[in-house]
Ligand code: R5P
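Just the one chain here, laid out as structure tokens, in the form predicted on its own.
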């Protein structure tokens, strides 16, 4: 039985189809005082909770779904298409919590197994108190890209993310791979991306990242690419969070299209990670 969180209904439906399993009739409601409640009468040997924790409400909803699953099924697996707080994997300043660890421990209490999709920091697997497996969502990002891009260049936001760009390039079947140089201002925390030395003149460029949140850093980098003579510019990301006016920023910078997966369900979610998650669950 597949139990969807309210932020992951499309992905849960696609996963149910991939696995040929039933989709639980989950109802989402809110009490007069603002507290959340989920309801889903079902019976199953194995319950799979699919819930992207894109907000604090989504976190609470996930815990409720796990409690429901634990009382009505013999075994519970929790799929986290997008895990909120995953970027807070250490105490950045004195007095900071390690939020990723706190969240992972809370989720672990209600499940027998966890599956994540391309967390920002892969090391967060170690924070779970149950077996945790990571699925590489970048494996489907080449699918929505236009065919026949001229000598495409796949650019990662920094050296550590080069593997994502290389995966997309390999699946696309042509092009080069490079990365931006990232610098962070110690006082303000602002991040600046400096384009690589690769010649982008008249080339199609695909900027590949695990997540696009505010879009500010990527937009600044794309402006540099356009100034250096790049041709068509696309953005591909596993998690298209696109907070506030992020999509507008990217369009103004010259990004022709943004392609994301359905780990975070947005209008740019052009491809599903359901087949990849299904592989992990079979």
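It should be emphasised that the depicted structure is a prediction, and the values quoted were computed from it without experimental measurement. Residue numbers count along the first chain shown, from 1.
One more form of this protein, predicted together with ribose-5-phosphate, exists but is not displayed; see below.
J.: Residues in which of 171-179, 108-116, 72-80, 203-211 have heavy atoms within 4.5 Å of ribose-5-phosphate in the predicted bound form?
T.: Looking at the other structure, the answer is 203-211.
J.: Is it the case that residue 240, even though its partner is missing from this view, gets within 4.5 Å of ribose-5-phosphate in the predicted bound form, heavy atoms only?
T.: Residue-level check for residue 240: no, no contact with ribose-5-phosphate.
J.: Does any part of residue 87 reach within 4.5 Å of ribose-5-phosphate in the predicted bound form? Heavy atoms only, please.
T.: Taking the distances in the predicted bound form, the answer for residue 87 is yes, it comes within 4.5 Å of ribose-5-phosphate.
J.: Even though ribose-5-phosphate is not shown here, does residue 125 get within 4.5 Å of it in the predicted bound form, heavy atoms only?
T.: So residue 125 does not count as contacting ribose-5-phosphate.
J.: At the 4.5 Å heavy atom threshold, is residue 158 in contact with ribose-5-phosphate in the predicted bound form?
T.: Output for residue 158 is yes: heavy atoms within 4.5 Å of ribose-5-phosphate.
J.: Using a 4.5 Å heavy atom cutoff, which residues in 119-138 contact ribose-5-phosphate in the predicted bound form? It's fine if the answer is none.
T.: Heavy-atom contacts within 4.5 Å come from 120 alone.
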